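Next comes just one chain, in structure tokens: the form predicted on its own.
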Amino acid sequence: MDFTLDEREQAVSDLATQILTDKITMERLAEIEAGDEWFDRDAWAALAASGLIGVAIDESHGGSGADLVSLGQLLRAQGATVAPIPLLPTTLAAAAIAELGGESLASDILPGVCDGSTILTIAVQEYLDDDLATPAAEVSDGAITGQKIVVEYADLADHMLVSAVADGRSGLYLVQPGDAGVMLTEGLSSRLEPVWQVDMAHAPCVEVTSADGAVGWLVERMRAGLCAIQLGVTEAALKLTAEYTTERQQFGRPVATFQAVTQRLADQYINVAGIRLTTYSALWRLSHGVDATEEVSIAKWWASERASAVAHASQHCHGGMGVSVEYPLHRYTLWNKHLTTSLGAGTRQLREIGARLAAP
């Protein structure tokens, strides 16, 4: 089994890393966090100009026609730089429109996604509902009624891709956040990102698809994308910790030379490698049309449970420096926590794997 990136995937990784490393600095992040908008528009515009936002969109709609493995490299670069941009919801909502929606809808929306002028978000989570494939929101007479939570960029999005039930079938629908019947209530995630509760009362909607399994199709790809972002987060946190412990002197020698520190970080190296392996396996299977349900759950377990271990060890090895807001590590820890719990943390993934194993 060889998950070495091919030439195209490596090019996406290198270009995304170059752009985001150049644009996303500690000073820029502090400026955004102190402002009114959790969105680096300059970085977004640079990614669009380079063609990266549309990397997984077909060339006929202005994209590059690459697969989910290439998109995973872009998401990984976002995690490594903790870039506040709507990359995951926009690219995966676009993927759903391209794959599951009609050509007319794709032609209307996807070119704007590729050039960066159209922002999309996804609304699939509901209160006290672990079964994302069977939403409580309902569609009747071309309008949707229901409530969604933890919706990113709902205030800035041109369209929300919403899961709902119509005539007993779960499907995906487009809703414009500014339309009548849509109310947004702001909250705050653990990574200090505004997230929104969306209440819809007979809000106008456009059907993308009501095909069987469409919501599950989207959720699987969202989870795999979260794993790719988490991979970037944990790789960067581990690198920061290795650099810090190499430079930090105690008792006349670098902290990294102490056996306990060396062993702790070696364990985290293995954890990051596990996140990388399982994430790439899930993305590859999804890209090639191979069933990836179990592999996505396994990857999300690693990107939750083992990623938490990386965060704890990174903070521990940094000591007091790790919680200083003048030092970058705290942002990686906050992102780690947000990603760990998004769309089901480790215990939930184990329950899903166990249920599949126990099924006749």
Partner chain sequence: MADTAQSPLETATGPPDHSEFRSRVRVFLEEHPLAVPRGATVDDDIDEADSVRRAKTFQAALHDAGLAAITYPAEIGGGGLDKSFQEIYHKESAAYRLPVFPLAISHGMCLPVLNDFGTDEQKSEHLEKIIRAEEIWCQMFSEPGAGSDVASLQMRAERDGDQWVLNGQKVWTSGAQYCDYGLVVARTDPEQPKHRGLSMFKVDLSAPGVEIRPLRQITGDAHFNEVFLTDTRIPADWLVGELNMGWSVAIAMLMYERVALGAGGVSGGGGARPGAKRIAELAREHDRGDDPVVRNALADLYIRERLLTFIGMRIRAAADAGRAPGPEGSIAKLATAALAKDTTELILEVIGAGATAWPADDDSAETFVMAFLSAPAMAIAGGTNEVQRNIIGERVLGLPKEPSVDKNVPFKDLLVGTQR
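Residue numbers count along the first chain shown, from 1. Given the structure is predicted, the values throughout are model-derived calculations rather than measurements.
What follows is about the form predicted in complex with the partner chain, which we do not show.
Judged by heavy atoms within 4.5 Å of the partner chain in the predicted complex, the contact stretch among the candidates 78-86, 153-161, 259-267, 135-143 is 259-267.
The closest heavy atom approach of Gly65 to the partner chain in the predicted complex falls outside 4.5 Å.
In the predicted complex, the partner chain sits beyond 4.5 Å of every heavy atom of Gly216. With a 4.5 Å cutoff on heavy atoms, Arg253 counts as touching the partner chain in the predicted complex. Although the partner is absent here, His202 sits far enough away that none of its heavy atoms falls within 4.5 Å of the partner chain in the predicted complex.
A heavy atom within 4.5 Å of the partner chain in the predicted complex is found for exactly one of Thr25, Gln10, Gln18, Thr341: Thr341. Checked against the partner chain in the predicted complex, the residues Ser281, Thr245, Gln125, Thr209 give one hit for a heavy atom within 4.5 Å, which is Gln125. Using a 4.5 Å cut-off to the partner chain in the predicted complex, each of Leu188, Leu192 and His330 places a heavy atom inside that distance. Taking the partner chain as it sits in the predicted complex, the stretch 217-242 never comes within 4.5 angstroms of it through any non-hydrogen atom.
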